[in-house]
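Shown here is one chain on its own, the form predicted alone, set out as structure tokens.
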């Protein structure tokens, strides 16, 4: 048997190997650096992600390559999502450096867990097998459980970590049960093999549907949509703001990736079944998320419910790929690229919004109440303008990236014949605009609670400015991101 062993092509997974090796190296480096030299650990982490990005660029040839026994796929969609993941994590690290240092959380454990979580996302993005999907998912989940509870002196943080762990374990069990039923029905763990069995009607229909239900439930939890949303507000509120920023941004890209891999690539033959499930969850998420956010006085909880609503919009794009059982390639690509565009826009807006929260925070004070934004325009007109851009974009007000993200999803929904769904989504978006505009009102029309100047590192100020301007610029020129999303999907389907 050993004589027949063929060494797999490791080049498609070279960036994953870099991240894993450097995570282990950083653990060793931390043993030899003093607290005053801890900036080296942060710098090494950022350099690791830049190195992984460079390796992904070098190995990206636009072709679909399978490796490790068809368990790992390297295609244009994977390369695109990995690039976005790298830079989302790098932005999070730059934004949160001062925040972590002031609270004594800038330890090697934080950076190692971030790298392992990033590695889990990369594996999920390139998963071509049920085993790889679950391996990446658990690597991400276990790292995030630890990150949420990393502030061991905070009761709120440890409580949030425990809630996330218990509910996340249950969701992982649901997903694993669903995948095992799909394996039992099709006799294969490969996503491509499952697609072939479903398309050729070789699998028992009842067992497939049961497996599909549990699989969708597991995916829905990772996306944080109704009715699997109960962990989102408590975890967003309880985790340190830097961890909340991380949790609310890059993992959404990985969750979108496994949704595409499992449902669109693997179970496309059952699209009419899973589209109906996603449609119900999308409408409930948009409705509950926007209504519940209105009652919040804590901006992190408000953004948590906002995240539920935004993921509902993303699901709308996935429900518009197949119309009446008929597959039109143009309609399908347009729908799925609108969903991908929405995720990219949401990640960019989330990073900027939580960066503003950390900019207002200081040692011993978390700026997580709405009243902390009172009079921000008097303290810093420029950064009040950046927050205004984020809030307008999340509300879907023209002409920011959030508006065109919503517009593209709603257009795909209408083309699929779900006009009433688009109308309901617009109504709830108008209701939800209230809590975004409330933040703008506090910044520009209320007297400031704190009149002191904003203190932060120059790199954070520059990056936050670039982030805000990107949200505005990409809103005026939306074709840039949309064309990239469409190309990545077309070359990978």
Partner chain sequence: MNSHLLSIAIWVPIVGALFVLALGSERRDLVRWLSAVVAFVSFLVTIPLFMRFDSSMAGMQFVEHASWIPRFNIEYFLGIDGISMWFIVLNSFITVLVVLAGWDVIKEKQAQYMAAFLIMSGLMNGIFSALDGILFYVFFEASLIPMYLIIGVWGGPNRVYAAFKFFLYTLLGSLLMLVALIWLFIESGGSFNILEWHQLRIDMAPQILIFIAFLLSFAVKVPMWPVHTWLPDAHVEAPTGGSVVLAAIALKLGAYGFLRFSLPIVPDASHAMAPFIITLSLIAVIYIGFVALAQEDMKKLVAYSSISHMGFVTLGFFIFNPLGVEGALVQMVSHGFVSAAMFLCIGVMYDRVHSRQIADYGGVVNTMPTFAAFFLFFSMANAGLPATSGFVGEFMVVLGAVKYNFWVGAAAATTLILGAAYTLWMYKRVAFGEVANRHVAELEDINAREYLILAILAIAVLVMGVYPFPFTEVMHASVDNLLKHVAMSKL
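Numbering follows the first chain given and starts at 1. The structure displayed is predicted, hence computed values, not measured ones.
In what follows, reference is made to the form predicted in complex with the partner chain, a form of this protein that is not presented.
**Q** Within 4.5 angstroms, counting heavy atoms, which one of the listed stretches 378-386, 237-245, 96-104, 344-352 is next to the partner chain in the predicted complex?
**A** Checking each option against the 4.5 Å cut-off leaves 378-386.
**Q** Which of these residues, 392, 86, 373, 111, gets a heavy atom within 4.5 Å of the partner chain in the predicted complex?
**A** The residue in contact is 392.
**Q** Using a 4.5 Å cut on heavy atoms, which of 197, 397, 279, 264 is close to the partner chain in the predicted complex?
**A** Among 197, 397, 279, 264, a heavy atom within 4.5 Å of the partner chain in the predicted complex occurs only for 397.
**Q** Taking the shortest heavy atom distance, is residue 57 within 4.5 Å of the partner chain in the predicted complex?
**A** No, residue 57 sits far enough from the partner chain in the predicted complex that none of its heavy atoms falls within 4.5 Å.
**Q** Can you tell me if residue 486 lies within 4.5 angstroms of the partner chain in the predicted complex, counting non-hydrogen atoms only?
**A** Output for residue 486 is yes: heavy atoms within 4.5 Å of the partner chain.
**Q** Is residue 183 a contact residue for the partner chain in the predicted complex, using a 4.5 Å heavy atom cut-off?
**A** Close contact is absent here: in the predicted complex, residue 183 is far from the partner chain, nothing within 4.5 Å, heavy atoms only.
**Q** Would residue 369 sit within 4.5 Å of the partner chain in the predicted complex, counting heavy atoms only?
**A** Contact check for residue 369: no, nothing within 4.5 Å of the partner chain in the predicted complex.
**Q** 403, 408 and 477 - do all three of these have some heavy atom no more than 4.5 Å from the partner chain in the predicted complex?
**A** Contact check passed for all of 403, 408 and 477.
**Q** Select from 434-467 the residues with a non-hydrogen atom within 4.5 Å of the partner chain in the predicted complex and write them out in sequence order.
**A** Contacting residues: 434, 437, 438, 440, 441, 444, 445.
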